[in-house]
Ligand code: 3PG
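Only one chain comes next, encoded as structure tokens, the form predicted on its own.
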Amino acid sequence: MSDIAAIMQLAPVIPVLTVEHVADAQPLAEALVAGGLRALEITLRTPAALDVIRAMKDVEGAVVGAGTILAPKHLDAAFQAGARFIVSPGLTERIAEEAGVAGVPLLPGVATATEVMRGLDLGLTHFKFFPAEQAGGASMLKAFAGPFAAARFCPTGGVSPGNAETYLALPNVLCVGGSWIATPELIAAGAWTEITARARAAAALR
């Protein structure tokens, strides 16, 4: 799957996952896919993250991406590990160019009109709106819809079951990113049934 728009529309929520142990990778991915969430963002915040991507990428139905990409070297490492899309908290020209060269779908973070304009100037139309709640929330995205009619967003940061539907109701929002579905505590406890239930509830949002 080479189109970031298609990945963003696999489900209403992309779970943002911080995984400490490779042993948890396969059962976690299987639990999320069973609940209807296929696009999975593995944050590069733990020493195990790249190995987690390697372990998850072969789970049937999973489309595994790498998050917290801060530099081209992180993008290269994630791509080599098998990541099928890349998520960054911000947008730099070097990351955009590197993603284009590698042919890997990129979802870069933006928080302001200037950053959206920079992304559009680079040929990008799909963005992570981050940190969503702190950057103005659904009201900001509603305001973006006028001048940036071509832009589509995945708000992430402070998104929860309590406000996800407010974001998803906006026509320029394709999905949201959230960490509530599989928290580090649930992963550590091996609570796969609970994670599947949360994933199923998230997949039913809209």
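From a predicted model like this one, the values you see are computed outputs, not experimental measurements. The numbering used is simple: start at 1 and walk along the sequence shown.
Below, we refer to the form predicted in complex with the ligand, which is not included among the displayed structures.
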**OP:** Identify, from the list 32, 175, 159, 52, the residue with a heavy atom within 4.5 Å of the ligand in the predicted complex.
**Re:** 159
Original post:
Does at least one non-hydrogen atom of residue 179 fall within 4.5 angstroms of the ligand in the predicted complex?
Top reply: yes
Original post:
Going by a heavy atom distance of 4.5 Å, is residue 79 a contact of the ligand in the predicted complex?
Top reply: no
Original post:
Is the gap between residue 187 and the ligand in the predicted complex 4.5 Å or less for some heavy atom pair?
Top reply: no
Original post:
Should residue 16 be classed as touching the ligand in the predicted complex when contacts are defined as heavy atoms within 4.5 Å?
Top reply: yes
Original post:
Only one of 93-101, 69-77, 109-117, 123-131 gets a heavy atom within 4.5 Å of the ligand in the predicted complex; which is it?
Top reply: 123-131
